[in-house]
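One chain is shown next in structure tokens, namely the form predicted on its own.
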């Protein structure tokens, strides 16, 4: 399906990616030797999922996985784009041992 504006697609993207990430993390414990592969795999899976939703956008996905603990983290992103058609969504998921933060940018072309 084609969408003219990312804002129309935003809720569908958030719901779909939330399900995908929670399913991926469901039975995993944080493992520093595997986390780089997990972020790469999740990012690729998310982009494939997004492309199936709409081919009217270029998508940029960043994925961060953090081990739960006492450390803080702050992330900020910004972009110069057409706010009438382009947009972004941030998703935070967690399990018992880690947090996963996914930022998605959709740029219409």
Partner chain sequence: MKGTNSQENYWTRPSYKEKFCPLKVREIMKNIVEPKLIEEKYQGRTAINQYTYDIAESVRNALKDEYTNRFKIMVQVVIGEKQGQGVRMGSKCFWDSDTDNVAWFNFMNDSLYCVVIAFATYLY
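Positions refer to the first chain, counted from 1. For clarity, every value in this text was computed on a predicted model and none was experimentally measured.
As for the form predicted in complex with the partner chain, it is not shown, yet the points below apply to it.
Using heavy atoms and a 4.5 Å limit, would one call residue 85 a contact residue for the partner chain in the predicted bound form? Yes, residue 85 lies within 4.5 Å of the partner chain in the predicted bound form.
How about residue 71 - does it come within 4.5 Å of the partner chain in the predicted bound form, if we only consider non-hydrogen atoms? Yes - in the predicted bound form, heavy atoms of residue 71 and the partner chain come within 4.5 Å of each other.
With the partner left out of view, is residue 103 within 4.5 angstroms of the partner chain in the predicted bound form by any non-hydrogen atom? Residue 103 belongs to the contact set for the partner chain.
In the predicted bound form, does residue 108 come within 4.5 Å of the partner chain, counting heavy atoms only? Although the partner chain is absent here, residue 108 would touch it in the predicted bound form, with heavy atoms inside 4.5 Å.
Run the contact test on 39, 44 and 64 with a 4.5 Å heavy atom cut-off to the partner chain in the predicted bound form and return yes or no. The answer is yes; 39, 44 and 64 each reach the partner chain.
Using a 4.5 Å cut-off on heavy atoms, what residues in 49 to 64 are near the partner chain in the predicted bound form? Read in sequence order, the residues that approach the partner chain (within 4.5 Å, in the predicted bound form) are 51, 57, 58, 59, 60, 61, 62, 63, 64.
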